[in-house]
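The structure tokens that follow cover one protein chain in two forms, given apart as structure 1 and structure 2.
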Structure 1
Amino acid sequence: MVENESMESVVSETAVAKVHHGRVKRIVCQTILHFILILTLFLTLYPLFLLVIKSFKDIPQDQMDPFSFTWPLHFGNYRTAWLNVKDYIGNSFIITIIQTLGTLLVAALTSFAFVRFRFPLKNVIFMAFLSLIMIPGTLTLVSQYILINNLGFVNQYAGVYLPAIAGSIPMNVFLLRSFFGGVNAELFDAAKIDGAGDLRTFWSIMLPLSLPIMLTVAMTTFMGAWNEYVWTRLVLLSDSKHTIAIGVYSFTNNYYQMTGGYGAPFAAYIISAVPLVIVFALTSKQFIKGLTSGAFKM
């Protein structure tokens, strides 16, 4: 202890002498830090900013002055875009909502079983689930399409969301299981004493306590389903069933071929992002809590 104190006093004396130097150094370091962060943010966000301002331009404005606001703002772009993509929004919502709810339900039921129940071959089954993460989607692309075809799911929404729900099980069970496992076991014992069954325990204790990770999974599933393009385009053949991702892409090409501009497609991109913004705004707090809960590591 004595040694420590004497050391501290030595340290503090030199510290007093160096305090000015230390503060300057700290200010310089913090300034550089802020500069790098702001520069990176600028590089990240500037393309999005350009997207927004270009969505208000007509073609001559874009030619003359491509990188700043130009007046008047052309809200007509948004009208054109809306007329061209509005039919697809409903389809996207149907698929996305079914896929999100289905993913949550199946992953939560499975994880609950792995955490709360004792059953034979538990670890073997868990590893069999996890190993699926390593099977590339490209390996199964063709055979999965054949399967969907044989099941009669081509041009059906089920052909989009059922494989997606199945494919999401391994990763989500991996995440949910570690979060569920962290919930205090005494709560479950207490519930059992109060006569609560498994379903009741699952619904009234596990799910509310796991809200952050559930919303994280919900949010990532929602975004993934809303953005899915490759598989959806393979399965859904008729235009009336297409999703907004497909609609936005084909609208971009058609509009460019007709007019030589991108104003309305850019407006369509922003329209297509609106649901994501709303969902994100509603869940962001829990979503971030789930992301930062420590489940995302191996």
Structure 2
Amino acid sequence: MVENESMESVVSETAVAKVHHGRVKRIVCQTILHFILILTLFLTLYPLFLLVIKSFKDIPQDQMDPFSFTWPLHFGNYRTAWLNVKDYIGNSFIITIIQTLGTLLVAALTSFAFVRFRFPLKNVIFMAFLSLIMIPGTLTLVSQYILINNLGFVNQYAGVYLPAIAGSIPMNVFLLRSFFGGVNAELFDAAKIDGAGDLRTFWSIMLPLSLPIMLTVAMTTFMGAWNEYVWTRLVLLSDSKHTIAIGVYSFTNNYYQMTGGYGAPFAAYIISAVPLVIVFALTSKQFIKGLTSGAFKM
């Protein structure tokens, strides 16, 4: 009896030790994870904090106290920035909206064709689309520019958004086809019985059911088009046609050479980011829903 009690005591102590060890290990892992998350959050938000506070400083304030708010706040930086970049914002809206709508139209129709129709080498063609995702865009800059130049699209808005629409097809077709494939086929059969054609089925059934992933594609396309610099800089030669990305960069260089400060250029950066913040605020719920509702499932 005594021996059994001692064995039970040893087993109990061992179990308690294992539970304690597991608890300590879990606490250590959570502490390390929280530290990494806090460090990542700091590295992400601190540059934004500096951007905001420096946009309200004049040159003496920035030199004397560069890392904190100083008074008075100089809202004139935003007025100066707006006067210098307002025309570029209009150009960016033209290119971005056309590119976003064109990308949605081409990618959605292509994905619908892959899901609803049977044609020779369908899977081979789709795999060819996927293989194009692996090709870096910088490898095609020269050949793409030669093509645009031969077509006469240099210094034209079309020279910016047409290649962008074509280049976005592989990834967006992958996303939309995966989502479209999850839609119940009985809905299409019912629409066909009711006399709906393929385009009516696409417009009245597929698009409403696919709104989350469509808005996800729209938002990512909008952000990419708005922030594009290299290709836009190569194609658009006239200053009157430059986008906000080019305009802010040029304004930063010119302003610093004249004044030695960055207050107004930093204000221009914030102004240029406002449309992106608004777009994300309007589509964030659908964006998250699109990412979590099977968009990345094959």
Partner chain sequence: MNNTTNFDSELEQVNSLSESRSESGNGGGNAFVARKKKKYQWQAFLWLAPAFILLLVFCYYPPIYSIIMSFTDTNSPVLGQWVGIDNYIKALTDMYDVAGEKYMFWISMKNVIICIVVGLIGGNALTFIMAELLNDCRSLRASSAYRFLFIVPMVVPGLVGMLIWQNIVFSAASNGLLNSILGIFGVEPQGFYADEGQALWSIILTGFPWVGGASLLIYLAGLQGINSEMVEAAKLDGITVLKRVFFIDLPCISGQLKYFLVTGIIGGFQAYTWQLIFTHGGPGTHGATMVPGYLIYDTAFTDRQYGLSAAMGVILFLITLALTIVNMRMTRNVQTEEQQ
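For the two forms, the rigid core is made up of the largest set of C-alpha atoms that agree within 1.5 Å on superposition. Given the structure is predicted, the values throughout are model-derived calculations rather than measurements. Please note that residue numbering is based on structure 1, beginning with 1 at the start of its sequence.
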Point to revise | Of the two forms shown alone, the one predicted together with the partner chain | key: 1
Practice item. Once the core is aligned, please say if the CA of residue 199 is shifted by at least 2 angstroms between structures 1 and 2. Key: no
Check your understanding: Relative to the superposed rigid core, does the CA atom of residue 135 travel 2 Å or more between structures 1 and 2?
Key -> yes
